[in-house]
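Just the one chain here, the form predicted alone, laid out as structure tokens.
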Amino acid sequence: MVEQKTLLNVVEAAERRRSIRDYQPRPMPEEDLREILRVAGLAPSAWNIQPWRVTVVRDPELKAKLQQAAFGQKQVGSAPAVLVVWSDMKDALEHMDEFVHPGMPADRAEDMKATIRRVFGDMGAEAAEQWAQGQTYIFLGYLLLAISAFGYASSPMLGFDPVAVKALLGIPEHATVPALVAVGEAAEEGFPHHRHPLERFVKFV
């Protein structure tokens, strides 16, 4: 069981989240990591396909190699864990019975699978993997909020060599790697939020 703790609500988690680059050296309890990832896995996904995958990197030697693939970003080496978030549409489509709801009538389930095969067959493998990457960004948003809700800090990163990351961790060549996420207890406060006012990015019509 995950240790009972006071969790932040979604507003508190969003308002308190910062991008942190210095972390306490203490390891994160695996129970917390599992629960954070479980909550993130509740993210919505078209057809419930859930093409996201996560490799949790905690080994110091492996993190040092991952840091090189991330162009030396210090949070990769500083954080007790780095979550490598990737998507694999090929794997998802090969295991459709895993995401079709068991309560769905059999005829409806078969119709849905036929539709999925047709849509992504017409789309082509490369475009399908890009679609899966877009779905995985939704998961990433949930992940960052879940990390913050549990009282941990994070730093999402787009600056890395995806080919090197995939080779290091045995991620299939066809997969995409949308982000790396450093996670742990913060050893710095980070910058306060500096965000656009609503009027800058919202239009009501």
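From 1 onward, residues are counted along the sequence shown. What you are looking at is a predicted structure, and each value in this text was computed from that prediction instead of being measured.
FYI, the form predicted together with a small molecule isn't displayed, but the following is about it.
Student: Does residue 156 make contact with the small molecule in the predicted bound form, using a 4.5 Å heavy atom cut-off?
Tutor: Result yes; residue 156 sits at the interface with the small molecule in the predicted bound form.
Student: Does the 4.5 Å heavy atom contact test between residue 75 and the small molecule in the predicted bound form come out positive?
Tutor: Yes, residue 75 lies within 4.5 Å of the small molecule in the predicted bound form.
Student: Any chance residue 195 has a heavy atom within 4.5 Å of the small molecule in the predicted bound form?
Tutor: Contact check for residue 195: yes, within 4.5 Å of the small molecule in the predicted bound form.
Student: So in the predicted bound form, does residue 19 come within 4.5 Å of the small molecule, heavy atom to heavy atom?
Tutor: Output for residue 19 is yes: heavy atoms within 4.5 Å of the small molecule.
Student: What stretch, of 61-69, 35-43, 48-56, 156-164, brings heavy atoms to within 4.5 Å of the small molecule in the predicted bound form?
Tutor: Answer to the contact question: 156-164.
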